[in-house]
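Next up: a single chain in structure tokens, the form predicted alone.
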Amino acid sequence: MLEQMFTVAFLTTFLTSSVRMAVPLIFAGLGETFSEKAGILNIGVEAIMLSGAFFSFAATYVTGNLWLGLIGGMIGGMMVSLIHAVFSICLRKDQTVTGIALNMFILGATSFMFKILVNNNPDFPQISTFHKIAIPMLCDIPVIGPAFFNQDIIVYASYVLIILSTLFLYGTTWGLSLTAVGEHPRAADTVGIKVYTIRYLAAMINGVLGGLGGAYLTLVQLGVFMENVTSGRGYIALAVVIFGRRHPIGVFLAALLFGAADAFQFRLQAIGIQLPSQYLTMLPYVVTLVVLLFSAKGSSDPQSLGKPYIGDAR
């Protein structure tokens, strides 16, 4: 009986942690899905999330309002994504190089701005975080209930977003137009679809959602900001998109897998596994490499992914 209770408690705690770890990847993965569906490969997801984490913290730190912090994070992520869009769509630069450059630039810029923001504060600055909201009846379901239905409002928003994204991409004319731009932009342009406009809009969505994923780290998980707070989650989000086949539900399930790997390494450390902490910390990244290894063969990228569109070329 005691063993059964311990097993249920362990599974509940583990699954709850997995969901919390997966949420930033869900938002960032959904944002990148929109971007890649439109033909824009943004390796700078790490920069978007990091910018979202910083500006959400800064807005909350200055105003004391979590909702303004959430808006600040989304705006911060959107601005970084739009920088990438200008270089990729308007200037037609290499999208991969632009994304990597943004990752490096935003890492330094957010660290510098954070030092300016808290320069006069002798203590390590902290902010309040969103609290959990239990959904009656659903939260009482064994194991699954506390994990999925005793969470904060941003987690619940991710559930709704997954459904809306699926309906938008596969059940609306706008979603089909976005997919057409990523597959055959010239054919789409021929039938009157505005390729550049759709790609900019996709970049904005990518920035807003990626920034929201970064904001979740500071406004829910940590309550603080620190240098490189994302710790490579932007790169894991790229793997989530590939493994999830650029489908919102697939992205959700893939994010849960990576979230479980992240939560598992914390569980191992908590129970005192006699291994160097560095080995346990690298577990999510090992899972990322393994998943990419097995999913590379079955990947079906949009035909124009990463390729600039030149409207007046023949």
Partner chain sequence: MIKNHAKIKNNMLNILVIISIVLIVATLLVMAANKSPIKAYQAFLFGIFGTLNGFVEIFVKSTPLIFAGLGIAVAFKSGFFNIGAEGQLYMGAIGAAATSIFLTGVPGPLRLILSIIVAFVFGGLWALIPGILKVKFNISEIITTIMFNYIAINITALVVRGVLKEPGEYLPQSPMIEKAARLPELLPPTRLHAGFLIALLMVFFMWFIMHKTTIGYELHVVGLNKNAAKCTGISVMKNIIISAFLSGGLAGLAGMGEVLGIQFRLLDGISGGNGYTAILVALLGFNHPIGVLVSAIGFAALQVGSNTMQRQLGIPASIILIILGLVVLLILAKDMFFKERKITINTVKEGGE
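On a predicted model such as this, the values are computed, not experimentally measured, just so you know. Numbering follows the first chain given and starts at 1.
FYI, the form predicted in complex with the partner chain isn't displayed, but the following is about it.
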Is residue 92 near the partner chain? Define near as a heavy atom within 4.5 Å, in the predicted bound form.
yes
Look up in the predicted bound form whether residue 260 has a non-hydrogen atom within 4.5 angstroms of the partner chain, and give yes or no.
no
If you check in the predicted bound form, is residue 166 within 4.5 Å of the partner chain, heavy atoms only?
no
Please check if residue 159 has a heavy atom lying within 4.5 Å of any heavy atom of the partner chain in the predicted bound form.
no
Tell me the stretch among 218-226, 102-110, 151-159, 134-142 that has any heavy atom within 4.5 angstroms of the partner chain in the predicted bound form.
102-110
Pick from 249, 62, 289, 68: which has a non-hydrogen atom within 4.5 Å of the partner chain in the predicted bound form?
289
Residues in 227-249 with any heavy atom within 4.5 Å of the partner chain in the predicted bound form
228, 231, 232, 235, 236, 238, 239, 242
